[in-house]
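Before any questions on binding or motion, here is one chain by itself as structure tokens, the form predicted alone.
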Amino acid sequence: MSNDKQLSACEFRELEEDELIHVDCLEHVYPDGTSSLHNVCFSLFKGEIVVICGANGAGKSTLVEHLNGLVKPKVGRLVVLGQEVTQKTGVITEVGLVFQDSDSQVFAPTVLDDVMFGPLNKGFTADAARLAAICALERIGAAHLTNRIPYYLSRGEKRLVAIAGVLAMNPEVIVADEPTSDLDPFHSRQIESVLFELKTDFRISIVIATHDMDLAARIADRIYVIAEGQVIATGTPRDIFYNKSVLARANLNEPTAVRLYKRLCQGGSASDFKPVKEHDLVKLLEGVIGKAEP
């Protein structure tokens, strides 16, 4: 599709204040001719967690790989931290990308060497890179892994090291592709907690791509729903998770709290407050039970 035709289908928007990532009319076609993204618009603002929800093959990974310039847009406009991304733009190191497959990202002889790799390639001295790596590992509670050999780490530990590797480069944005996939419950909670604390304690903006609706319900400020390469809805978790048609079109399940609440409503226990997180549902039930007591 030519740029002229693209503009006629989707006009470019003006950048808003505090908008760190601005995507307009993005399209992507794989080398074999398969189209993966169509007319995608996306925004990330300072100090928020945005979750991109979609089923496998919906286009989530392709979209997030554009957000730091790893993949360049051929059609559409991408502005990252005020910089227009073109075919000549290098990878934007201020946006750290945590891949779904940690084995492709964690490869050095020791964890310390691995976390130092990014800062060294960014031009840090050896001492500065070592300090940045140690600080990053300490920030996420992984200092005990410093001298371990990555090959012998668990999946969860490798995911922590991958996060530390991008954190050591002092990013403004961290993009995580399916950060809790294939992890046991302990490490899933640990990764979720780390990402949330990076936002709340260090003011790093976060983008997460996932099909885990419970994770999205707990952590998202805003949600984009993507299906067949297109953004079909965006809004707050409550906007999205109580929209049955959107979830059905994207082949996504409701979060646990929403599903249980709807079952309660069938029994006549409806409330004006619609819970999205499990602890919200618990509070609602406590109120209902309290009123029912003699």
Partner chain sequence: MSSDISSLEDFMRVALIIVACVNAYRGCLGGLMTNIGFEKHLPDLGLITHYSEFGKSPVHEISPWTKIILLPVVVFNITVIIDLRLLLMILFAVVCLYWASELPIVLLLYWWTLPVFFVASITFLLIWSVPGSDLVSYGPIHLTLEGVALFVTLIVKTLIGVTYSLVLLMTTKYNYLTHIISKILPYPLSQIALLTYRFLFLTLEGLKSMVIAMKSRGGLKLSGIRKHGKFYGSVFALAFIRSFDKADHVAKAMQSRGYQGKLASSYYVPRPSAGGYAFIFVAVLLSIFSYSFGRYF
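The term rigid core refers to the most C-alpha atoms you can superpose between the two forms while keeping them within 1.5 Å. Positions refer to the first chain, counted from 1. Everything numeric in this text was worked out from a predicted model, so none of it was measured.
Below, we refer to the form predicted in complex with the partner chain, which is not included among the displayed structures.
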Q. Which listed residue (219, 194, 81, 120) meets the criterion of a heavy atom within 4.5 Å of the partner chain in the predicted bound form?
A. 120
Q) Three residues, 109, 114 and 130; all within 4.5 Å of the partner chain in the predicted bound form via heavy atoms? A) yes
Q) When the partner chain is placed as it is in the predicted bound form, which of 235-243, 51-59, 64-72, 251-259 ends up with heavy atoms within 4.5 Å of it? A) 64-72
Q. Closest heavy atom of residue 182 to the partner chain in the predicted bound form, within 4.5 Å or not?
A. no
Q) Are any of the heavy atoms in residue 202 no more than 4.5 Å from a heavy atom of the partner chain in the predicted bound form? A) no
Q.
Check residue 138 for me: does it contact the partner chain in the predicted bound form (non-hydrogen atoms, 4.5 angstroms)?
A. no
Q: Determine whether any heavy atom of residue 143 comes within 4.5 Å of a heavy atom of the partner chain in the predicted bound form, and answer yes or no.
A: no
Q | in the predicted bound form, residues of 93-111 near the partner chain [heavy atom within 4.5 Å] | A | 93, 97, 99, 101, 103, 104, 105, 106, 107, 108, 109, 110
Q) Rigid core fitted, then: does residue 124 show a CA shift of 2 angstroms or greater between the shown form and the other one? A) yes
